[in-house]
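First comes one chain, alone, set out as structure tokens in the form predicted alone.
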């Protein structure tokens, strides 16, 4: 199990954001944990058809699981509503439907950074009492992502840690540090390919990449009291590494447009030496007929300052809407989706990171997924993005200012100063 000390700042941030909520008025909503009235107290025993809402199923692991459920539960069938593959669009779709109290959004896949926002607004059914789930066998880090104010609101379904994909046929070994990786970029030039890319378009993926760069350099985005801490030498070094990468050409110019899929396709097409991306890439790069890197790539922890870097802790949990008409069915489907059987299927078929600790040490599973020990290292070294009901505003501040720095429109110092001020404004609800 993971060390809970890494997540000590979360409690402090939650406390701060609740104080801000009391005076900001931007997080209103229905009844929360322990409420004996309002939508959270309704339909707890009701069963019937439900709708499962989540982002695009690129790895085709959702439909087989739903089919199996529906065959066993003909009177409680699940309909799959597939969203886009863009996190920002998924978030906005959920917000619009939850604000409208749409009962058709029974159970939703929730990005780990949305839990606090949705819980504070009273949209998520607290997972306590009859709605409780078992979390004892899950990685501590994944359970923390489902908590808000010491109450579990979302069930850890699949985790995520950033990984470094590299061309093992072209480099002697995976780089252990950022500087070592940058020193290998002449190999990329010799092979007429880009050196390194992550996700640098102006969207949530940029927040992830910038947070990783800052945390890996020893910086932080917020302190234990929830105050922004971006005007530091460490934060400057982190963002500066990315800016310098673009300026030198070690990060190709077109990477400023990359989201997950564009960067994956660039690597699979043989146009990148190194790629930062999520575990789902492994299975696709290994098996897709169009992949030019089959048998030619390896996986390593993200390179850091003196060792493994600090991945942003990713993942998607399951949340039940307080407006669902059939919460008992939604709860049972939730337990089915977080079971060892379902998690093993998603891991083997879609390279999705489990939340159950034992699966990372399963010899048979490691034979099929040799990157699992690397992924465990990534998750163990991961740092969560800021946990706050005001997360969209905080992420926007990071995205806008870091994107301007990457494009050369702002200096690193100016971008961090503006980011610092914008985060303060977001936390104040202004």
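Numbering follows the first chain given and starts at 1. If you're wondering where the values come from, they're calculated on a predicted model, not measured in any experiment.
There is another form of this protein, the form predicted in complex with a small molecule, and it is not shown here; the text below is about that form.
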- Query: So which of 198, 194, 314, 156 reaches within 4.5 angstroms of the small molecule in the model of the complex, heavy atom to heavy atom?
  - Reply: 314
- Note on the structure: None of 106, 111, 117, 212 but one has a heavy atom within 4.5 Å of the small molecule in the model of the complex; the exception is 111
- Among 346-354, 202-210, 238-246, 146-154, mark the stretch whose residues have heavy atoms within 4.5 Å of the small molecule in the model of the complex. 202-210
- residue 260 near the small molecule in the model of the complex, any heavy atom under 4.5 Å? yes
- Query: Would residue 333 show up as a contact with the small molecule in the model of the complex if we use heavy atoms at 4.5 Å?
  - Reply: no
- With a 4.5 Å heavy atom cut-off, would you call residue 273 a contact of the small molecule in the model of the complex? no
- Could you tell me if residue 87 has a non-hydrogen atom within 4.5 Å of the small molecule in the model of the complex? yes
